[in-house]
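Single chain ahead, written as structure tokens, the form predicted alone.
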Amino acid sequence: MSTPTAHIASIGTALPGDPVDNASLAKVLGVNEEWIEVFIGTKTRHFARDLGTGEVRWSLADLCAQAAQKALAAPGVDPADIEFIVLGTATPDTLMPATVNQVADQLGLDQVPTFQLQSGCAGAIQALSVGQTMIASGQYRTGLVIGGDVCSKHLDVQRDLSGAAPSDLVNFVLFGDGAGAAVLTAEPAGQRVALRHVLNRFTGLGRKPGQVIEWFGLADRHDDRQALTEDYKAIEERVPVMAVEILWELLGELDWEADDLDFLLPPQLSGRMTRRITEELDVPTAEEISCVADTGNNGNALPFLQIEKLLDRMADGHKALAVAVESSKWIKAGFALEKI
């Protein structure tokens, strides 16, 4: 087994506003509540904008800063020790300035390197990989890694949805908003969880994207393209297969057996899909750590929300493995944790 090159000292998360249940969302969208529960399997989600008025109440930077503040306020963590910030997101507030720099400003952090990675469900894990690599270099001792998304900025509930295509409508019930953050350290501190391995690999050569989020500029902002489209058939076919491949690839890299796992953090697509994928992963000895049925699919916040739940259950010697798949261009991602 490889020696850990970074440790998670603390976690913080932020979910905007009160949870929105299926009954409330069905009323706004004019759809059947049972359809949401059966097809998606998600009970609640959180939105950064008001469903009634469309008013933006929290930006991505706001949510990321809230999550980071919680992580920085944890025992054993000193904000003055932060030497770098990495943010993974698919939905930055603006193209410039980068959202990570707005977060640093809100946190009062200055004179530190900042990095922003634009990616979907794998972005948070890519950020962990960058953070781990920076600490492994020996140049940095402590850093802040953040993941978050405000998906609702692409979903306009004020427009007439009566003629919306199913592939468009489903996004309104699938996604949510949120953020998470972790303080990474070179030596064990705080929660004392070793980041044993991180997987991040593009596998989409020659494959059509499974998910597309459009960017509209002044010249094409009135284009009738959907802002967010997904190939649900491809996702349902490929993601469970890729998840199993990731599981065994990570176990092989770590020289762990499936029975060694105390906890499994499966991909968080939706309540229904996560249940199906967990069955395919078939690690009955490991306790499942999921949150998407309650938080909605808030993208790059999800791994941190899972880790937050995990930390309440982890004891010394416990091992956990996380699996994630980004269907935009078929990225395999995952990581392994051990409480020491």
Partner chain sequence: MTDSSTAAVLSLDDFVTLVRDEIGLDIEPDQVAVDFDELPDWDSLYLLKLVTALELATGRKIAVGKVLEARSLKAIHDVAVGG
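Positions refer to the first chain, counted from 1. This one's a predicted model, so the numbers in the text were calculated from it and none came from an experiment.
Below, we turn to the form predicted together with its partner chain, even though it does not appear here.
Look at 230-238, 127-135, 195-203, 213-221: in the predicted complex, residues with non-hydrogen atoms within 4.5 angstroms of its partner chain sit in 230-238. Contact with its partner chain in the predicted complex, defined as a heavy atom within 4.5 Å, is made by all three of 35, 163 and 170. 31 is the sole member of 277, 291, 286, 31 with a non-hydrogen atom lying within 4.5 angstroms of its partner chain in the predicted complex.
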